[in-house]
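A single chain, nothing else alongside it, follows as structure tokens in the form predicted on its own.
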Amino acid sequence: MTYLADRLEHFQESVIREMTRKAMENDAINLSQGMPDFSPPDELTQRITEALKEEEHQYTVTYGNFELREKISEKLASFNRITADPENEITVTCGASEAIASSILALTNPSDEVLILEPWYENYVPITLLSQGKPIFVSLLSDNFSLNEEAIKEEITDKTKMIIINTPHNPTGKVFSSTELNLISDICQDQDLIALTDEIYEYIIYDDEKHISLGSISGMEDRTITVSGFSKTFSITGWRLGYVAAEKELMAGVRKVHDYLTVCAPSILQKAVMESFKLQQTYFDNLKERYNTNRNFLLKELKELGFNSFKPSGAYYLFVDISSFGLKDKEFADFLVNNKGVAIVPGTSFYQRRENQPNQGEIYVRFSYSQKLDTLREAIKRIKDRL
């Protein structure tokens, strides 16, 4: 007799977290997980001390500190062009991951189909399976990771409930254009679908690209669940502070799941993160410049080493083609962490296994450049020295 739920048979250890573990075991530089190795803004950390003195130790309202929700509402209006009532249409969550989980669990019935663009961030699929939904995978075009309109339309059935969009995109750094997002809008409205959009990297964009929120497009206001958070923008991944915005009826369902899943996000950190709304534009400009410098450095160095990388327009990852090295992704990643002291993520963790077909991710690995430039320089030095 087994005591574990059958639904877990499709699960494995998070490959990203696995590679972080291997990095620790091998004293390797961790370029697998998107964790900055520098401090967040002083304004945020100093506010924690003040919150401690204010005895902010107990639960907040389940949906999040109301003042924080008001600040998020103002930010959504000015930056994302989304109108969201802080009372009924915004919920503060334990990271964007919990916002995604609560949303999928709230909307998905057994056998509902959820369209997931491939490659995908690894938590979309397990949560869909936990909700007893059926993930349906639609590959992005391999040359530039753009949307494949015909492939999306071919996968839509009378059971299709939702499509998940991630822009800027993890793992590729693709930023979906207004044309592509209008295509998604048209499909959602024509087929009566809900869109769940993960926008956690919304402030990290390069080359004069612009972030566009799907929920800002006419007709998508009441059928888009918008997820974002503070961890990537303010380098506080361990604080676990995200949020979700949606129209009142959808949000009522998301809140029910959130309530019983986590009760509320950490009260002291909710207080502290409100300082982020006081930061000047120079902070965001410097953030982009930091990651743009890192991106350009890593692109150049990897190219000289024989890697072929898609040039990202957003986020802080390079999705790298390693086919010229004659190794599959997992072999290459293990070789790098064990022999070079650098941890990266094998590409198959972002793709679905298909019977009797090679996994599309076998020719890719993902490098994170969320670290200090000096850390990246040391990583490249290790790879060069040990070749």
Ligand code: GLN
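Residue numbers here begin at 1 and follow the sequence given. Because the structure is a prediction, the values reported are computed rather than measured.
Form predicted together with glutamine (GLN): not shown, discussed below.
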(message) By the heavy atom within 4.5 Å rule, which residue out of Thr93, Ser103, Asn170, Ser228 makes contact with glutamine (GLN) in the predicted bound form?
(response) Asn170
(request) Heavy atom within 4.5 Å of glutamine (GLN) in the predicted bound form: which of Thr224, Gln270, Ser131, Ser97 fits that? Just give me the one. (result) Ser97
(request) Give a yes or no for Lys232: in the predicted bound form, does one of its heavy atoms lie within 4.5 Å of a heavy atom belonging to glutamine (GLN)? (result) yes
(request) Check whether Ser349 has any heavy atom within 4.5 Å of a heavy atom of glutamine (GLN) in the predicted bound form, and answer yes or no. (result) no
(message) Is Gly64 part of the interface with glutamine (GLN) in the predicted bound form - any heavy atom within 4.5 Å?
(response) no
(request) Verify the contact flag for Arg17: yes if a non-hydrogen atom of it lies within 4.5 Å of a non-hydrogen atom of glutamine (GLN) in the predicted bound form, no if not. (result) yes
(request) Indicate whether the candidate residues Tyr121, Arg240 and Tyr317 are all in contact with glutamine (GLN) in the predicted bound form, with contact defined as any heavy atom within 4.5 Å. (result) yes
(message) Looking at 332 to 340, 31 to 39, 54 to 62, 357 to 365, which stretch has residues with any non-hydrogen atom within 4.5 Å of glutamine (GLN) in the predicted bound form?
(response) 31 to 39
(request) Within 4.5 Å of glutamine (GLN) in the predicted bound form, which residues of 181 to 209 have a heavy atom? Give them in sequence order, or say none. (result) Tyr201
